[in-house]
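First comes one chain, alone, set out as structure tokens in the form predicted on its own.
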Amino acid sequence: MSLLIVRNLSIAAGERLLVEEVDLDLAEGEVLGLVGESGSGKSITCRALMRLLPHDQLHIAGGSVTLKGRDLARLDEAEMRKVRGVEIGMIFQNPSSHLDPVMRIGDQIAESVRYHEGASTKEARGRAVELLRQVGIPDPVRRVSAYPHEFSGGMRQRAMIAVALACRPKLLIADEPTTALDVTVQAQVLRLLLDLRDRLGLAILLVTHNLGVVAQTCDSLTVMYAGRIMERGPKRDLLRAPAHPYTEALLKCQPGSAKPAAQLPAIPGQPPLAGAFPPGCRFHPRCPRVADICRRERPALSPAQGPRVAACHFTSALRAAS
């Protein structure tokens, strides 16, 4: 049964649509990867789910975000404050900019426990110590009184996870949680997220541009480009035989995909600027399989092999070539 159902979600800046008609489904205990290049709309989609878009710049232009039967897009701000942190937790891309530098780590974790659950200072501090222990912070009784600058980058990311889990949400949104970390720490954080999923039954929406991260962690995958979904389906199917040229191109750009001593392939050109998207298929200026119909008509998401969907006029041809 789906915990989160997103249908036709569109996000606009004024009259310009930046994200169009995004559909997502996330079941309890599932890890869904949201993949694409920088600027594809992944982060603002996640912020829209949390209703954290800057109101003077961006707004939800249409669609629904249903969490356990309630459409979050229709809640007023007071009701939405009861959802954030309690039903949905979020790990932001850069913990250094989202942890208060003059507030102790334990106080930042305890703050939401006291606000949402009315816990006493002692009870909230005890929860903070336990959460730091759960996310693998050594000596949590002492570390609960530390400031963010006293933590390493990996420990700050773990502390951010503890903040997100403080009120036991069922959905965790992780926006590029390993981008600024070295490979060893990155692997530790990913193992931690999967361990938390197994122990707590969390559903995780994992935003990344790294298909190596996707291969290690995700059950299903949604590929975005220029504000639209290009392909969606089970991870193994997408990585083994992509049904969209953009997914295929991303896979070819991964380290290890080229022959030894050969130059690593790259997708030619640049993604379009937000709000200045080309007509037809948005990937057509960079697509090696482009045809006239791609420049004229925007392809709809249509069934590909198995349970997948892809937005390409030539999905069947690409699948046959794979």
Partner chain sequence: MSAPLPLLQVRDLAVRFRAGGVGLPGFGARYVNAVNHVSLSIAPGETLGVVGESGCGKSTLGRAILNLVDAQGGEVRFEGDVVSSHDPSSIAKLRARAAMIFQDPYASLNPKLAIGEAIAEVLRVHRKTQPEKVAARVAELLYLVGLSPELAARKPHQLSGGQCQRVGIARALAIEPRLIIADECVAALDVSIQAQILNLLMELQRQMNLSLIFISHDLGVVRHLCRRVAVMYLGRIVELGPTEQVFAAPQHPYTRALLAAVPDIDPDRTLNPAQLRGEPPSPLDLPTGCPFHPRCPHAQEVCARGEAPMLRASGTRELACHFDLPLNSQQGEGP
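Numbering follows the first chain given and starts at 1. Because the structure is predicted, anything quoted here is derived from the model rather than measured.
A second form of this protein, the form predicted in complex with the partner chain, is not displayed here; the remarks below concern that form.
Heavy atoms of G118 never reach within 4.5 Å of the partner chain in the predicted bound form, leaving it off the interface. Within 4.5 Å of some heavy atom of the partner chain in the predicted bound form lies at least one heavy atom of R143. In the predicted bound form, R236 approaches the partner chain with a heavy atom inside 4.5 Å.
Interface membership of P260, defined by any non-hydrogen atom within 4.5 Å of the partner chain in the predicted bound form, is confirmed. The stretch that touches the partner chain in the predicted bound form, counting heavy atoms within 4.5 Å, is 38-46, out of 22-30, 38-46, 288-296, 65-73. Contact with the partner chain in the predicted bound form holds for all three of Q93, L194 and A266, each having a heavy atom within 4.5 Å.
Taking the partner chain as positioned in the predicted bound form, the residues of 95-132 that bring a heavy atom within 4.5 Å of it are, in sequence order, S96, S97, R104.
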